[in-house]
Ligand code: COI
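Below, in structure tokens: the form predicted alone, a single chain.
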């Protein structure tokens, strides 16, 4: 008896993903139906006859999940490492299984290192002055610091945090680490400390934790108060790790000397959309962008050709594993 050929419905397929869906669809002998629509109650009908769907980071709440389940969907694979945009409680209650994907850590770790260097060298101010053809040396705006003289705290030592440590070791800076689950291997290279000690001891704090209930707003008014004056904060992980209101107060008071943020709270309805010439319906992001010492980029740290290839391939493999009942390393335990 011939095994049924897997088939997958792809929501929100971007143009840059098309070549990889074609490549891996052929490689793994999968029928891939690609759509540009986002998964909603209204578009759930597209999933009729598909047990697996692949989505991006657009929010998927209980109404959409219920509509998808009614069409026979039993597995949702998000083409992202994070899955906090999916209502996991609703998915579990509806009997829908959820998977994320993995990709090489180099993209985000490289971006993080770039962010750290940009922040300590005041690149945002230098670029703005150069654009205005102001080439004078103004110490308040352009004078930077040397990474070797600073201590960097890595909060989260998974694949990406570990690779950031790899990069930093070549600069000769001090490195401290914090993680609820410490790595035996990394203990031989860096010193693990508690969160409060990390806050108090580091000139730069770089966040690499997945979004979870126990780390929601881990950077808040209390933890900010414990940090060094002029601390630099880098976030290429999840916006929910930072209490935005408390963070903005700290920037305005000078407690935070600089920051580089690739992720911000409530970004989901803005990022990856062309909003040129429009008023942003997120006042916090608009204000953050206005600060001369805060770099804000639209969740693009992951965005490389290799990452897109990995995410598409692993989403396809995850859906195949679900349909064939095989072991699925990307499935999220609900």
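No experiment lies behind these values; they were computed from the predicted model shown. Positions refer to the first chain, counted from 1.
Although not depicted, the form predicted together with this ligand is the subject of the following passage.
- Looking at residue 244, you'd find every heavy atom of it more than 4.5 angstroms from this ligand in the model of the complex.
- Although the partner is absent here, residue 28 sits far enough away that none of its heavy atoms falls within 4.5 Å of this ligand in the model of the complex.
- Proximity of residue 195 to this ligand in the model of the complex: non-hydrogen atoms within 4.5 Å are absent; the residue sits far from the partner.
- Remark: residue 311 counts among the residues lining this ligand in the model of the complex, judged by a heavy atom distance of 4.5 Å or less.
- Proximity to this ligand in the model of the complex, taken as heavy atoms within 4.5 Å, picks out 296 to 304 from the listed stretches 296 to 304, 66 to 74, 282 to 290, 33 to 41.
- Interface residue among 82, 93, 144, 158, judged by heavy atoms within 4.5 Å of this ligand in the model of the complex: 82.
- Contact annotation for 234 to 253: a single residue, 238, has a non-hydrogen atom within 4.5 angstroms of this ligand in the model of the complex.
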